[in-house]
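The chain below stands alone, shown as structure tokens; this is the form predicted on its own.
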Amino acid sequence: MSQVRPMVNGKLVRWSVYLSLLGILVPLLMALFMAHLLVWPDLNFGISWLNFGRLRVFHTNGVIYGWLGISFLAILNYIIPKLSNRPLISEKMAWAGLGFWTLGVAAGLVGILAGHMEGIEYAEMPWYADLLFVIGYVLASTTYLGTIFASREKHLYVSQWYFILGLTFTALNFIMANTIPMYVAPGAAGAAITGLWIHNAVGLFITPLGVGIVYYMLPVMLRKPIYSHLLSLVGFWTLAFFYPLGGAHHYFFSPIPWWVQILAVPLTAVLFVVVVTVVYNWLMTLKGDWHQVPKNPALAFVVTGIIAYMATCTQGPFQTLLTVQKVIHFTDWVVAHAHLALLGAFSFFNIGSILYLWPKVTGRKLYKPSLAWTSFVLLVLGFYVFYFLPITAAGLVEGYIWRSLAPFAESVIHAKPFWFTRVIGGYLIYAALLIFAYQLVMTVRKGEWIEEGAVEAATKESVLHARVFGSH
């Protein structure tokens, strides 16, 4: 008699999480070193592999593809079988996808340190790393999309819509970014295409996968349905139709046609509809259950990420106004804004989601739950108090000094105190993530076994799914 496969492959999820931890701890170590370089520029001792330009690219690619990308794989390996009510169509393909994805990222990061980079923002990994990454991406996407389409559920839940959008659009965007600017339309035209890629790497890869994860995790953690399925689909279609059109706002005051830059302003402003519908839907789902947040660290991470998502998506349309751009363009304000999205919002989403699913894929209770709260407090303190607020302020100081036509060195001198707080924040953030990783590892090694059997646990979860998601 053949053995029935479990709905979720716990080993696959666990190894995806382990690799994603490397994807955050190593690039963040480089970021911490870069923070020191801003204050003490000679700290790299003239070693080319430790130049700021290489480390910065290592950090951005490592976080996007190594941390967010692989942690997305881990969470999708859990959510998609649950929503599809069936195992992944091919766990071998999922394992192969994870392997090639990881090899591609590792090869790319080593190549970046060696100076083998392509001139495309967020896609600087050399061609040999791109090949490995693309194989991994195709295998992973085929597994997830195939599982969704093979489901016998009557309707797709909104999370699945977001996953389809993110996986499909990213494939098209990645091909565009690695071909058109370099081989078809170099120069100013290629820069415009690059701006579209930068824009869509965040908005049509990270955003739909992250938002889709919250649309699953928030109802499950609260044990209640989402407030409005209609609103969730309004936000989805607004993102799908309007987000790809505003990429030119990454190249204000550049050689690309002025009408393209002006058109990017209203097209970006329309995205505020996404913020209103999505965040309102989440907050109304939370209505009456805010008391659960201080009791559940996983929920606290997700809710804090929601607040950051609301802030960053409100900040985005505001800073496309040309009067604002005149001050913040090329300043540290933009750096703070990017970190508010990728760390403040989506990293918080993923950390909270991993804390939720970890006991379910290990069969053990979280080791010392107070550690999750410690990492939460350190991360909030390190990021918001010592990083985001000072670096945002530094951007305003720099912008107004530049507008005064004072020597550039003046802006560097005035920015240094803010950069020093960045170093302190970096240590706090890194400590928080080390504690997070330590808790996950120790849960597997010494966590208390969950007493109820697998059958009882699966039954309880299926009942919860039926109540939260109904027949979708």
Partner chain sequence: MRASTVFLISGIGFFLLSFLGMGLAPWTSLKGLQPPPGYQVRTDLEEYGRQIFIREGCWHCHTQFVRPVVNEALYYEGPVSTAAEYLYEIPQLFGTRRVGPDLAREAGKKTDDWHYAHLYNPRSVVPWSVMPAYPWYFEEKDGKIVPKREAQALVAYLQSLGRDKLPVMRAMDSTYRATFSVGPRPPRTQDLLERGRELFLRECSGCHGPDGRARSLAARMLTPPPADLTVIHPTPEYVYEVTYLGIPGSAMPHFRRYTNEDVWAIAYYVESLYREPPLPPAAPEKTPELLARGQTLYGQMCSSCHGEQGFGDGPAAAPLKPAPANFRKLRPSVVHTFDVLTRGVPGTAMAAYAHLPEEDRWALAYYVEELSRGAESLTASLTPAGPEAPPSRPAPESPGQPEPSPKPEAASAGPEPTPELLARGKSVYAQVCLACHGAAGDGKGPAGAALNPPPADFTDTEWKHGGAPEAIFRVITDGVPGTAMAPFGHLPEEDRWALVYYVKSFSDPELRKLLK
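The shown structure was predicted, so the numbers you read here are calculated from the model rather than taken from an experiment. Residue numbers count along the first chain shown, from 1.
Only in words, not in the display: the form predicted together with the partner chain, which the text now covers.
Trainee: Of these, 208-216, 185-193, 274-282, 90-98, which stretch puts a heavy atom within 4.5 angstroms of the partner chain in the model of the complex?
Mentor: In short, 185-193.
Trainee: Check, residue by residue, if 32, 109 and 318 all come within 4.5 Å of the partner chain in the model of the complex, counting heavy atoms only.
Mentor: Checking in the model of the complex: none of 32, 109 and 318 is within 4.5 Å of the partner chain.
Trainee: Using the partner position in the model of the complex, report whether residue 172 sits within 4.5 Å of the partner chain, counting heavy atoms only.
Mentor: Looking in the model of the complex, residue contacts with the partner chain include residue 172, since a heavy atom lies within 4.5 Å.
Trainee: With the partner left out here, check for me: in the model of the complex, does some heavy atom of residue 434 sit within 4.5 Å of the partner chain?
Mentor: Judged by the heavy-atom cut-off of 4.5 Å, residue 434 is well away from the partner chain in the model of the complex.
Trainee: Against the partner chain in the model of the complex, would residue 126 count as a contact residue? Criterion: heavy atoms within 4.5 Å.
Mentor: Residue 126 lies outside the contact set for the partner chain.
Trainee: Please tell me whether any heavy atom belonging to residue 255 falls inside 4.5 Å of a heavy atom of the partner chain, as the geometry stands in the model of the complex.
Mentor: Yes - in the model of the complex, heavy atoms of residue 255 and the partner chain come within 4.5 Å of each other.
Trainee: Just give me the single entry in 293, 397, 310, 180 that has a non-hydrogen atom within 4.5 angstroms of the partner chain in the model of the complex.
Mentor: By the 4.5 Å heavy-atom cutoff, the listed residue in contact is 180.
Trainee: Which one, 286, 240, 393, 234, lies within 4.5 Å of the partner chain in the model of the complex by heavy atoms?
Mentor: Checking each option against the partner chain in the model of the complex, the one that comes within 4.5 Å is 240.
Trainee: Across 40-77, which residues bring a heavy atom to within 4.5 Å of the partner chain in the model of the complex?
Mentor: Stretch hits, in order: 41, 42, 46, 47, 48, 51, 52, 53, 54, 56, 57.
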